[in-house]
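So this first bit is one chain, no partners, the form predicted alone, shown in structure tokens.
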Amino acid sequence: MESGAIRIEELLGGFDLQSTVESGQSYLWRRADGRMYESEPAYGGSAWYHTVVDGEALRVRQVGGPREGTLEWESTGDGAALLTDLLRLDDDLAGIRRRSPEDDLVRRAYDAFEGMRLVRDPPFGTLVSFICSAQMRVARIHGMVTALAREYGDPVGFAGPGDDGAGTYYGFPAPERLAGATEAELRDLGLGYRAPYVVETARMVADGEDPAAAADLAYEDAREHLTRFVGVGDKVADCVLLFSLGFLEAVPLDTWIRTAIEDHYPGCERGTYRETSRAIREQFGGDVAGYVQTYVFNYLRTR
């Protein structure tokens, strides 16, 4: 096991770990004390969080604030490289804010969650997470994804100074494992009507349909590519593009962003998902609109 630390003052625009992993954009991280998504707003905490990516276990906690704190990590691999990739520590967050609109709602959202970054989660786990997200609160989605990992994911032994006592973490299941699950089994884990969507999408991926292939396409073509998976509409596709595949211009039109449009940007309502998406994307700064979306979403959801 390796360990190390990253000085937050060296990151452009700072960083806040709790809001980054507990803001409804990722369901692939776990909290050592089991209290993920319990506090609102989630910000400024010092709990240990962990995830497993490609068989490598990683855990991290933040000591100190969003400007001068430290990220302490432990990992079975190169923890610094994993953190930089998964939590987009190489983004120029200060520059992104400068390119964002300066209206009152956006300014309040940025101020409330200073240092929150987008995540870059693995594509398949992100795809299934947001298939599970339909008509669900964030804590419930996290519970479903955690249950899938414990039931079908590969265990990784892990012990060290930050150990939560369990000593075993679970990666998100491989497509082949979920493809072999039955709908009844997934319903027993709480997935409800989403169970057949997850099984059929897992079968598609196991058979060679790669959600990551969307990364090589233009944005709207990439969204169309992802909607071929069962249970994936435009909004879920936009979530995968934004929180996994690096399309920072994607703006998922969920309930909270539609509320923002109704209350603050009524001129962006164009009658269809895609036309409204184009309008709010321009309102939110074009190529950084996904960052603005995530701040506004989290601010409205938790205020």
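Start at 1 with the first residue shown and count on from there. The model shown is predicted, which means the values in this text are computed figures rather than measured ones.
Form predicted in complex with the DNA: not shown, discussed below.
Checklist line | the DNA: the contacting residue among L245, A260, V236, C268 in the predicted bound form [heavy atom, 4.5 Å] | finding: Exactly one residue meets the criterion: V236.
Next item on the list: Let me know the one among A112, V138, A174, L83 whose heavy atoms come within 4.5 Å of the DNA in the predicted bound form, would you?
Entry: Spelling it out, the residue with a heavy atom inside the cut-off is V138.
Checklist line | Residue contact check: R194 to the DNA in the predicted bound form, 4.5 Å heavy atom | finding: So R194 counts as contacting the DNA.
Item checked: Partner contact for F130 in the predicted bound form: the DNA, 4.5 angstroms, heavy atom -> Heavy-atom contact with the DNA at 4.5 Å: present for F130.
Check: Heavy atom to heavy atom, is L89 within 4.5 Å of the DNA in the predicted bound form?
Finding: Looking in the predicted bound form, residue contacts with the DNA do not include L89, since no heavy atom lies within 4.5 Å.
Next item on the list: Using a 4.5 Å heavy atom cut-off, state whether W256 contacts the DNA in the predicted bound form.
Entry: Yes.
Check: Which of these stretches, 64 to 72, 260 to 268, 51 to 59, 247 to 255, has heavy atoms within 4.5 Å of the DNA in the predicted bound form?
Finding: Only one stretch passes the 4.5 Å heavy-atom test: 247 to 255.
Check: So in the predicted bound form, are S19, A47 and A159 all sitting within 4.5 Å of the DNA, heavy atoms only?
Finding: Judged in the predicted bound form, none of S19, A47 and A159 sits within 4.5 Å of the DNA.
Notebook entry, point to check: Out of 213 to 235, which residues reach within 4.5 Å of the DNA in the predicted bound form, heavy atoms considered?
Noted result: Heavy-atom contacts to the DNA in the predicted bound form: F229, V230, G231, V232, G233, D234, K235.
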